[in-house]
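In the form predicted alone, a lone chain appears below as structure tokens.
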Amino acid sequence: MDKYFLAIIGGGPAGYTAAEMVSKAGKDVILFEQTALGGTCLNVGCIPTKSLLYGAKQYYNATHAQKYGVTAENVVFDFAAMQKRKTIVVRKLVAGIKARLNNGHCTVVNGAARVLDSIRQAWRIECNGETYEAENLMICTGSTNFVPPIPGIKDNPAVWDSTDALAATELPKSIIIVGGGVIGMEFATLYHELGVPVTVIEAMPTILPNLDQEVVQVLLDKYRKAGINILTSTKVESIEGNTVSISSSPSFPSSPSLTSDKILVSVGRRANLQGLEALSDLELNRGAIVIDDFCRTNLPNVYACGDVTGKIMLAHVASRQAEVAVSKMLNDQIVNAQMVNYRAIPSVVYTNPEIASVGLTEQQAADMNIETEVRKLPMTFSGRFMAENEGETGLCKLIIDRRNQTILGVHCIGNPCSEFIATASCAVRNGYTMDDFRQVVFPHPTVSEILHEALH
């Protein structure tokens, strides 16, 4: 039986990143993936969603082109063609991952892996009836859609999760989205821009509750004005067929029922621990694997990366965790051996306009008793933004530590803020002061200049 330096369960961003790094270092690695390389993000998450959103944005821009002196008549979209393009994009990216792992040190096994035990200083894993041994084990099993205990969800053909929505070949005639988080609001954007009546039901007092609420309010005002029905502080009591019964809320003082063609439930994800039942001593916290600063678990030579750790469920976090874990595994032979800096993780919500943020929000800083100074400007202070976003205002907001003038957080709404939030992430990660950041030269004209303008 061959013995590998590392066995990885899960071929998502964490898993394939780790496999590529280990194999490039000349060590033998085996990667187990139950479905397709790329994990949730590439196959049923980030990439297919953004492919469809981009198609919807093209249609939206064409039908609103008169703002820029362009008349487009008889504009139509083909949802089946959008879906076909989405599939092609995913296939190409999966093929790219396979090519990166196609070397003499990486073995990829397609199937559901199961950890057996640890003997002779090696972990044993079973997959497809075969047993494999590895010196180190990395758990990258990701997460699954959380199904809330709402009566009427199970086995209801009218109820979708995000995977069902991405696989649909036809648009729903109308849709209720349960959950106003990132996934819910991105799907609300997609369907609204393609002409589908949308209702969003969120139990919290606001949509996107983890983001800076002043920024979120800009999106909320626009979407409500555009006709998206957004109900906050509202709970779903039950679902029967196409009918959703909700609790009383500020929008409905009574407890009415709402009906739609489809009901998309997107209320979060939970760590996937499938295949790890033999690891009875593995330390968990709220259903996720506990890791240290270098992604090590409490078990010897066992690492965990990605959504299964319950840290921040983003693909780029998973990739960074894998870099840190492999570097530690290889005795810090690689430059990337530093710890993951969760304080400076950028995040993006691909609504229209986009929201991008990094670091502390104003509320989070207040909760930590940090005295702050807030600098903010409408995005219209950027000439490039004005030229390309007719009728939009946007907002750029910087959270500054008043004591030492360090930049603690940056929060923006306005297209294309996703493309320059990494600049702000560098400032937060490296502890830039306002004076430090003022010395960064931004190209003109770009929307990114708003970061510089907000400092003055």
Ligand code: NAD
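Start at 1 and count along the sequence shown; that's the residue number. All values derive from a computational prediction rather than experimental measurement.
The form predicted in complex with the ligand exists for this protein as well; it is not shown, and the discussion that follows is about that form.
Though the partner is left out of this view, Arg114 does not reach within 4.5 Å of the ligand in the model of the complex, counting heavy atoms only.
Using a 4.5 Å cutoff between non-hydrogen atoms, Ile201 counts as a contact of the ligand in the model of the complex. Put simply, Lys50 is close to the ligand in the model of the complex: some heavy atom of it is within 4.5 Å. Contact annotation: Glu186 falls within 4.5 Å of the ligand in the model of the complex, judged by heavy atom distances.
Of the residues given (Ala165, Val182, Val159, Leu276), Val182 alone sits with a heavy atom within 4.5 Å of the ligand in the model of the complex. Residue-level contacts in the model of the complex: of Ile239, Ile289, Leu190, Val178, one residue has a heavy atom within 4.5 Å of the ligand, and it is Val178. Contact annotation for the candidate site: Ile150, Val267 and Val348 all lie close to the ligand in the model of the complex (heavy atom within 4.5 Å).
Per the 4.5 Å heavy atom criterion, the ligand in the model of the complex is contacted by stretch 348 to 356, the sole one of 297 to 305, 348 to 356, 361 to 369, 76 to 84.
Of the residues in 211 to 230, none comes within 4.5 Å of the ligand in the model of the complex through any heavy atom.
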